[in-house]
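Have a look below at one chain only, the form predicted alone, in structure tokens format.
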């Protein structure tokens, strides 16, 4: 850690604050038995809290790396506007990092699926959103896709499209920072890494580093089940838009539905691990994989020979607040306490 006291000062204080290489390690916290149905099988599950980065989300890591590397290569000279295809965390992080490098304007092509709270978040951070209705099965070269539009927009004078879907500085950020932290925090005692599949930068960067250290490590990639909504991650069809060859970095694919993602996020948050639906999504995929292993009597295949444990890590991309209204949409009333004397409320919707 470059800054043990966690103090940032001087003209570059905010830029240094946003630099993952200058921060204390983000917490790695073990789930209690109430959240781990395999605790009795000597399975230990750890959440990597990317939610506690200065910008509150996992995309802050690649956003900083992409912009900093472009600055180092001189690619920001004359750039006045960043443009990206993103419905929230990536583009808001790019906007905040970009301003530290002299680029004040940011525009985003956002999915028509975007939550209202996420849209308000973009406006709050000064990002100009352009709502884009994509075809049901778009390709990267489809002129109606947000990725294509952002790339074309980025070719205009004084604009730049970082291109998170094929920019190598995306996975390299996790290889450089996230995975190294996980390796050191676990002392190398990690058997399974599990992450949701969005841009796939997280799973690729962590897989490269961790498998390089421990080839026996299993990497689980989690994708959205067809016709299921979870913010920040993709279905198999939408993953075809990704420019990275992520398949070679993943050993197992699990498909997870909307309700399980929101339910597990709610359960973790109520136990003091405040995380959003994509965190519940990753945990659901991990639990599904562990259930498959146990059902096949195959947990010993991934168990550490010395400790006898199965150590699992999954990253938590962001918190629940931008999606708060969605929990009440995708989970039924049995998950929430009643409002007593509700009639006394003023200005009810």
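Residue numbers count along the first chain shown, from 1. This one's a predicted model, so the numbers in the text were calculated from it and none came from an experiment.
Heads up, the form predicted together with a small molecule isn't pictured, but that's what we're talking about next.
Site residues 43, 186 and 314 are none of them in contact with the small molecule in the predicted bound form, judged by any heavy atom within 4.5 Å.
For the residues 98, 146, 231, 221, the 4.5 Å heavy atom test against the small molecule in the predicted bound form is passed only by 231.
Among the residues 278, 178, 108, 207, the one placing a heavy atom within 4.5 Å of the small molecule in the predicted bound form is 278.
At a distance threshold of 4.5 angstroms between non-hydrogen atoms, residue 89 is in contact with the small molecule in the predicted bound form. Within 4.5 Å of some heavy atom of the small molecule in the predicted bound form lies at least one heavy atom of residue 59. The small molecule is not drawn, but in the predicted bound form it has no heavy atom within 4.5 Å of residue 162. Interface membership of residue 202, defined by any non-hydrogen atom within 4.5 Å of the small molecule in the predicted bound form, is confirmed. Checking 44 to 52, 66 to 74, 290 to 298, 315 to 323 against the small molecule in the predicted bound form, the stretch whose residues place heavy atoms within 4.5 Å of it is 315 to 323.
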